[in-house]
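What follows is a single chain, given as structure tokens, in the form predicted on its own.
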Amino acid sequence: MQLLFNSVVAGSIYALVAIGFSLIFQTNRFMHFAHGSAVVFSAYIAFHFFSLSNSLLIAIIATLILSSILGYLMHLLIYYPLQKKKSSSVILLIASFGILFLIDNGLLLYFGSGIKNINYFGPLRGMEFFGALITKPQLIIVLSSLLCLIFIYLLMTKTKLGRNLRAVADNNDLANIMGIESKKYMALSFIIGSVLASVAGVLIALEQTLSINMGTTYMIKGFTGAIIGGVNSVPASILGSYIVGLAENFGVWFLPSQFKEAISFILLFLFLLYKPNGLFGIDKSSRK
């Protein structure tokens, strides 16, 4: 039960990262690996504003606002000019790594290399639940992630905004013909994706100590979850993220704990080699 609950906690964080990544990929058609920088940026911003105000609410609001601005600026200043020049996916991928390193080094310059954490809950005491020990931050992670996932599902399936995002993701040119301004929704996907990354960043900051390179780690986990489920499907990316969480936590039952990170890479390589569209992904190239 402890391993199962740990898997749910980890998978909840990975799912928030994965659906933001998947949404941006579907609407913009390139791999936005700088999405990981939005996670670490949000975690450090939450820490910064909590340290200044000693108010978690102020820290959360400031983080959501600044992360959405960051997502929009990444699109407006970097990706959109490159897309206007008809840059290839490889150029956009290289640009995403450049943004990732730029933000990580900017955070390192400002905050330093010391480990940071938001000590909001004080000394943590686990609550027993069906034989598993659960801390307050872990419970908040699961419930907050669940609410975000439900919100995204309703947004994408029950609103005009979600319908237009799905239309742009399905066929950009046809969406323009139908009067849907695809450029607007491409930028909007960056805002929504970055807000989801900011939620993940805040939740990570509440439970764990922060380090500059953690954005890359969570990006790899989220990317792996998206690939396993199917990067062209947001619900499938969620399922894939929980599979990664289960594989990691139950894997260390049989392997030494230092192999936990390697499990994600093994899963990623296996799916890229043998099932690149994921378990439930759609092969759009096969459409006629």
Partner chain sequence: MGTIQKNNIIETLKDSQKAFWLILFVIDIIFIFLCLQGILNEYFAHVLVVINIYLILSISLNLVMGFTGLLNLSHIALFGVGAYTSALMIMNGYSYLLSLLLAMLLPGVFAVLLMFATRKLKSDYLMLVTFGFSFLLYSIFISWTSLTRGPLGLNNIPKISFFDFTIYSTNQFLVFSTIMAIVSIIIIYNITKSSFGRLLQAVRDDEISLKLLGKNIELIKFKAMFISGLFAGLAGSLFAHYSQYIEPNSFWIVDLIFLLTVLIVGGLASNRGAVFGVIIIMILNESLRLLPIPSEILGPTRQIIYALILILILLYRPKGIFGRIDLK
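Computed from a predicted model, the values in this text were never measured in an experiment. Positions refer to the first chain, counted from 1.
What follows is about the form predicted in complex with its partner chain, which we do not show.
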query: Heavy atom contact within 4.5 Å of its partner chain in the model of the complex, the stretch among 139 to 147, 152 to 160, 191 to 199, 107 to 115; finding: 107 to 115
query: 1, 242 and 254 all contacting its partner chain in the model of the complex, non-hydrogen atom within 4.5 Å; finding: no
query: Residue contact check: residue 172 to its partner chain in the model of the complex, 4.5 Å heavy atom; finding: no
query: 4.5 Å heavy atom contact, residue 78 and its partner chain in the model of the complex; finding: yes
query: 4.5 Å heavy atom contact, residue 72 and its partner chain in the model of the complex; finding: no
query: 4.5 Å heavy atom contact, residue 44 to its partner chain in the model of the complex; finding: no
query: Any residue of 215 to 229 that, in the model of the complex, places a heavy atom within 4.5 Å of its partner chain; finding: 216, 220, 223
